[in-house]
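In the form predicted alone, a lone chain appears below as structure tokens.
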């Protein structure tokens, strides 16, 4: 087989971008495509754990990410109305001694910039629609608008999430479980309340749990788990999907999030969004994979 590229990466999220950077660093120029128009500015994942930072240090971006991130050194825990202690997350035996908080979108932008410095560009608005695999390699059909292309490659790597075309075609299972009986609402916003800054908080209650995590730029991520129901917004669309996070039909309001925060924490609050909190608030219904 004559190959158009050695490695085709499907999906330009953090995993795909990290892989593309590592291949380029070792002299393999990949082709990387994504059906989205660009990086989605909802921050989604937020924690860069210590081992992740060690890997990203090899990639060459850890220092740039650290300059943007908020250290996660302590999580104060409240359970059923009582303060029960705190998680000390600092002083880990690593050059990167604690987790860091940074929105997934900003991590992706840093990886994308680094990849561009290695003369590799993501092909956005490009969807992989079919895959054929043989002992000699793989052929992937790509569609960009009205233009279709068959790409022959030695390797194809599926980095496009739980509904991966690569995974489905090769009958690979998705290792994980769905949350059931609960939904999640979140917002990246500014908060005014009685509890001090400089730490993050976890609240456990009989009605659900909530985290308030310090982000850079004086922003917090509020993440609330609530009991789910068949009539919850997005539930019907999400019922049979693994990628249910994309199937939401109604976003929460800041007022709704403030109401639940006050109810679960026992502290009145005022929430406001700012320019660093694009695309929020956000609702993840049941069906979201673990």
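Numbering follows the first chain given and starts at 1. Being a predicted model, the structure only gives us computed values, none of them experimental.
What comes next is about the form predicted together with a small molecule, which is not displayed.
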Quiz item: Does residue 31 reach the small molecule in the predicted complex, with heavy atoms at most 4.5 Å apart?
Solution: no
- Message: Using a 4.5 angstroms cut-off on non-hydrogen atoms, would residue 50 count as touching the small molecule in the predicted complex?
- Response: no
### Query
Using heavy atoms and a 4.5 Å limit, would one call residue 200 a contact residue for the small molecule in the predicted complex?
no
Would you classify residue 186 as touching the small molecule in the predicted complex, given a 4.5 Å non-hydrogen atom cut-off?
yes
Answer key, the small molecule contact in the predicted complex at 4.5 Å (heavy atoms) among 210, 213, 128, 102: the residue is 128
Answer among 85-93, 189-197, 68-76, 152-160 for heavy atoms within 4.5 Å of the small molecule in the predicted complex: the stretch 152-160
